[in-house]
Structures are given as structure tokens and as C-alpha cells.
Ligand code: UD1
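For reference, the chain that follows is the form predicted on its own, supplied as C-alpha cells.
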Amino acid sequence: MSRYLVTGGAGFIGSHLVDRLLAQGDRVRVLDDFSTGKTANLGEDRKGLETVQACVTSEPDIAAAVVGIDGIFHLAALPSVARSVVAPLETHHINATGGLNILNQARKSGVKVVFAGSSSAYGDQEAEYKSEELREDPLSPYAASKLAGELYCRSFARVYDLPVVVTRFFNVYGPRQVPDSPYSGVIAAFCLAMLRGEAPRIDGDGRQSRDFTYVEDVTRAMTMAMKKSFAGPVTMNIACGESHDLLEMLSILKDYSGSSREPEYATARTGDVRHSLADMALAEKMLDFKAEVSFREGLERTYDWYKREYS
């Protein structure tokens, strides 16, 4: 049995990771400021779970949170490209400075970090498959802030010999993602619109494509990355390795839900990447990881959850 710190553990991905860790018999300390995370995501009185309300930018709080910890999963972040365009300084403060704070406390304690990175680091590049060997080209303040955290990971691994693995996520979706915020993920927003009989909104022409990855596959990859030893800094894509555009995704959801509403189109958002598809060779080689939940199955599971929670 191990004891892990999960920053952002009350959030969408973080709470699913907490579920997985507890289910495998580990003890978990969640650190979250609850600005976007929810206590309901964690449940009540769960054996092996401890919750600390604090922000990742607070050095004293992080120093206290890492005491007695065997490893850190760092997921706390201020998400959304659109939000970062409006609030770039706040985004940097949480994502870059907060990440640096976590790494600094980890190197003092000598514990491994699995750091949640973002495929937004690649930007819009001509390569069909986004490989970890590509030079990063962030298009938004959000992407730049996440990449800054990754660069600190690499430097801490080299300078302090800190064991760090960066897992670059590609458009994670599934239950518990907030569906009714201006910064909601597109799948969550589409599900809620259909349940309310409203027209889903597409920013752009709908032909922008993503490597959508179900949340349970992501958390499985993170725990695998924590358990395996690596030499030096490691950055790896975590995704399905499949491309689906928004119109295809909408068609599947309409078919499953029985919705007949056609989408409404709006102007494409500043900083959005046109196409995103992961090269999964490295994760397959180093972790023997492959996504297990198909796109259609994941969409159906996700829609069913929103139907239970929001109908």
C-alpha cells in the first residue's frame, strides 16, 4: 500500500484517479482549492482518503501536504484555452508557478511526480501524428503555461535527479466534466444541450478533429507511469491514437440520444488547434499502454452519466 498526493483531486480527471488509487488499496491525500473541483466528486467518509483545501501556489501548504507521501500526481490546473485568452496571468500563476512549487517540494522530499501535461503544447503542426519528438509550438497562454510546467519537469529531472514523468493528455472526456460553464469540454456541453433539447454549439465548421480519450484510460496510464521506473526525464502522449471530428462525434451522440436538433455554428475560437492526433508508439513501448474504451462506448457511457445527473 502506498500513500499518494493528488493535486486537483476533486476535479474531473483527478477524482477518477482518486477512485482508481483507492480501489487498488492505496491511501490518497487530495489537495484542491475547490475553485473548479467539487466535494461531490470525492464522495463522503471514504476509507483511505484525506482532503486538504489549499492552492498549489502556497508553498507552506504544499510543504505540509507532501509529508509522508510516496508519490505525487499533479493535475491541479486552470483549464481552458478560452479562459487563458481572457486571463493569461492567472493561468500562468496556477499552471506554471503552481507546477514549479510542486516540483520544488517533491525534490526536497525525494518523491516521484507524474505531471499532467497537455497536447496543446504541439500547437498546429503539419505532422499528422503528434510525436513527442516534435518541437513544441503553443498557440495559447494555456498551452504556454502547461509547457512551462513541462520544461521545469525536464530541468528538475536533470539538475536534481528527480523522477518525473510528464503524461500529455489529448482531449479527455467522461463523467463529472462540468457541462454548463463557458469553458466546458465540447462533449460535456453537447450532452447537456441534447438533454435540454437545445442546439449544440460548434465553434468553427465542425471539421476540427481531436484524439478524444476516455478518462478511465487516462487514469490507468497515470498509475502505470507512477509504478514504472525510468531513466531521466520522460514525456509521453496518453491518448487513443484515433482522430474524430466534431461532426462525427455529434452524429454518434444524436443517434444514441435520439436528439434531432441541428447544431448552431459560431466563430472559431482564438488559440484553438485545428487537428490533434497522438503518436502512441512511446507509451506503448514504455508502459505497454493502449486505450481500452472505444470512442463510441465512451460517448455512450458519458451521455448515460449526464442523463442520470441532469435529467
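Start at 1 with the first residue shown and count on from there. None of these values were measured; they are calculated from a predicted model.
There is also a form predicted in complex with the named molecule; it is not shown, and the following applies to it.
Enquirer: Determine whether any heavy atom of Asp203 comes within 4.5 Å of a heavy atom of the named molecule in the model of the complex, and answer yes or no.
Expert: Output for Asp203 is yes: heavy atoms within 4.5 Å of the named molecule.
Enquirer: Just to confirm, Arg269 within 4.5 Å of the named molecule in the model of the complex by heavy atoms?
Expert: Arg269: contacts the named molecule in the model of the complex.
Enquirer: Might Lys112 be said to contact the named molecule in the model of the complex, defining contact as any heavy atom within 4.5 Å?
Expert: Lys112 lies outside the contact set for the named molecule.
Enquirer: Though only this chain appears here, would Val81 touch the named molecule in the model of the complex if you measure heavy atom gaps against 4.5 Å?
Expert: Looking in the model of the complex, residue contacts with the named molecule include Val81, since a heavy atom lies within 4.5 Å.
Enquirer: Which one, Leu253, Ile62, Ile69, Val273, lies within 4.5 Å of the named molecule in the model of the complex by heavy atoms?
Expert: Of Leu253, Ile62, Ile69, Val273, the residue with a heavy atom within 4.5 Å of the named molecule in the model of the complex is Val273.
Enquirer: Quick check on this chain: which one of Gln125, Asn104, Ser184, Ser131 has a heavy atom within 4.5 Å of the named molecule in the model of the complex?
Expert: Partner contact (heavy atom, 4.5 Å) among the options: Ser184.
Enquirer: Have a look at 104-112, 163-171, 226-234, 148-156 and name the one stretch with heavy atoms inside 4.5 Å of the named molecule in the model of the complex.
Expert: Residues of 163-171 come within 4.5 Å of the partner.
Enquirer: So which residues in 131-148, when you check the named molecule in the model of the complex, have a heavy atom no farther than 4.5 Å from it?
Expert: Result: Tyr142 alone.
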